[in-house]
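Given next, in structure tokens, is a single chain: the form predicted on its own.
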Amino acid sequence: MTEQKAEKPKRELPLSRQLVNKQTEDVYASAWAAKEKGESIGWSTAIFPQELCETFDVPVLYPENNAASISARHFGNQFIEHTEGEMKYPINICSYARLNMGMADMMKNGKFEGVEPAMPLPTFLCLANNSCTQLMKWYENLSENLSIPIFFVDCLFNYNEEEPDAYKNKYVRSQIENNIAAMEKFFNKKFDWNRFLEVQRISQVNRKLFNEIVALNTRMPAPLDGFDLFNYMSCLVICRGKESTTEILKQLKKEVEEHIANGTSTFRGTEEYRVHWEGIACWPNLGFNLKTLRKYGVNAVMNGYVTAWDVAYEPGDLNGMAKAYQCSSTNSFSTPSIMDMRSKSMKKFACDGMLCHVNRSCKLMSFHIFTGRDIIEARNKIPIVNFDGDQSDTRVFSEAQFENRLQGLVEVMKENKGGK
């Protein structure tokens, strides 16, 4: 008889993670409840002014966040295949878009068999192009296919990265104001400006809390496995204006400070090397990435992607809010500016190297890597390696290549530390 190996008991999630899971479940449940009542439901890009729908108290879900969750659960291929097959879209567009458009089309036509987490079809869309211009075509497709309107904020690119001129802030502010007026008609609700101010205040408390938590990982060894930060991004993406996020982040900060006081860490291994992970996670391959990093004693203590939701402004200042949404995403800046931010961050977090995800779905972010790594190598004097991958499409990533590239990075980092 073949002996069966006993399954290892799963580690209990920290309270902060349990709260994140509960928050996400509640957000999806609220959207499904609205669906059953025939009420409005939105789908939104990740860095659209979330303060608007939060003020109207209308449920909104986020296809980028949803695609990441579905991909991490290995349910995404069926939707990507549908988009490339029946819908005849090419492989070279964003895999988040392929996954989401395929899912929407299958739901519309009764071919959807259900995955978790499943989003109800929306009655409206919220779109801002500050993080990616391909979002416009993605959402135009959804609008056409589902016959629903788009509330759009066109965020201007600052080619010379100057302080945005007054007319640019006025242009974005006018769109926010026009969207508020249009939403009042669409939702048949008056906009509560006092509630709006409170949502702004909560949003700023939450972004500040998250930044403080990220900064705690400058400690050596780091109190957090850097990949843990991916688990809390949803708080800022889908719930930045909610008090539930404040409670989650306060709890997380408490847990991290306890790790610091006790000399412990969520990194399950010995932190021999600290690296900056550049780019979005390979969600379908997250487990392999994590195990392989731990195997070689590498903690990805910092990632510029998890700080992309730092939309900073003074509550009540609509001009400041308009400016913040224009300049919130690294995709609104030049390669030298982005690499300057990365260089400073890697010095602050004492990184020994940089591991760059050449994401086939995110051409602009990958372009920065190829043209900007020379800047980092010259300034920080640390080794950098690239590996091929994708945020949702499993066909691009190679486990062998990832481990091989990581081995090479570790060899150079070890040599730089004197071979110890």
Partner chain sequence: MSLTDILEQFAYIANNPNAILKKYIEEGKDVIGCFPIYTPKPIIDAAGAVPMGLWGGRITPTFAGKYSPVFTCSIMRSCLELGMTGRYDGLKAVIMPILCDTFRGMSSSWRAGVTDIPLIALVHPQNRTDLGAQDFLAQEYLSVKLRLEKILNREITDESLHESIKKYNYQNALVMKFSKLALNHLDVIKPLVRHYILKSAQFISVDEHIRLMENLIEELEKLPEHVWSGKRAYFIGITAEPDELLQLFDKYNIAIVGDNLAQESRQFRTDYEICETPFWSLSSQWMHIEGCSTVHDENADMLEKFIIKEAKECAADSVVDCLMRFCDVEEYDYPDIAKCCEEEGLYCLCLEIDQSSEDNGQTLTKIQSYSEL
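Treat the numbers as computed from the prediction; the structure is a model and nothing was measured. Positions refer to the first chain, counted from 1.
Another form exists, predicted together with its partner chain; not displayed. Remarks below refer to it.
Trainee: Taking its partner chain in the predicted complex, would 94, 97 and 138 all count as contacting it (heavy atom within 4.5 Å)?
Mentor: Yes, the whole trio is in contact, each within 4.5 Å by some heavy atom.
Trainee: Just one of 236-244, 174-182, 258-266, 310-318 has residues with a heavy atom within 4.5 Å of its partner chain in the predicted complex, so point it out.
Mentor: One stretch meets the cut-off, namely 174-182.
Trainee: Pick from 270, 188, 133, 211: which residue has any heavy atom within 4.5 angstroms of its partner chain in the predicted complex?
Mentor: None of the other options qualify; the answer is 133.
Trainee: Report the residue, out of 75, 157, 288, 296, that has at least one non-hydrogen atom within 4.5 angstroms of its partner chain in the predicted complex.
Mentor: Looking at the other structure, the residue within range turns out to be 157.
Trainee: Is residue 170 close enough to touch its partner chain in the predicted complex, meaning at least one heavy atom pair within 4.5 Å?
Mentor: Looking in the predicted complex, residue contacts with its partner chain include residue 170, since a heavy atom lies within 4.5 Å.
Trainee: Report yes if any heavy atom of residue 143 sits within 4.5 Å of a heavy atom of its partner chain in the predicted complex; otherwise report no.
Mentor: Yes, residue 143 lies within 4.5 Å of its partner chain in the predicted complex.
Trainee: Should residue 101 be classed as touching its partner chain in the predicted complex when contacts are defined as heavy atoms within 4.5 Å?
Mentor: Yes.
Trainee: Any chance residue 150 has a heavy atom within 4.5 Å of its partner chain in the predicted complex?
Mentor: Contact check for residue 150: yes, within 4.5 Å of its partner chain in the predicted complex.
Trainee: Within 389-416, which residues have a heavy atom closer than or equal to 4.5 Å from its partner chain in the predicted complex?
Mentor: Not one residue comes within 4.5 Å of the partner.
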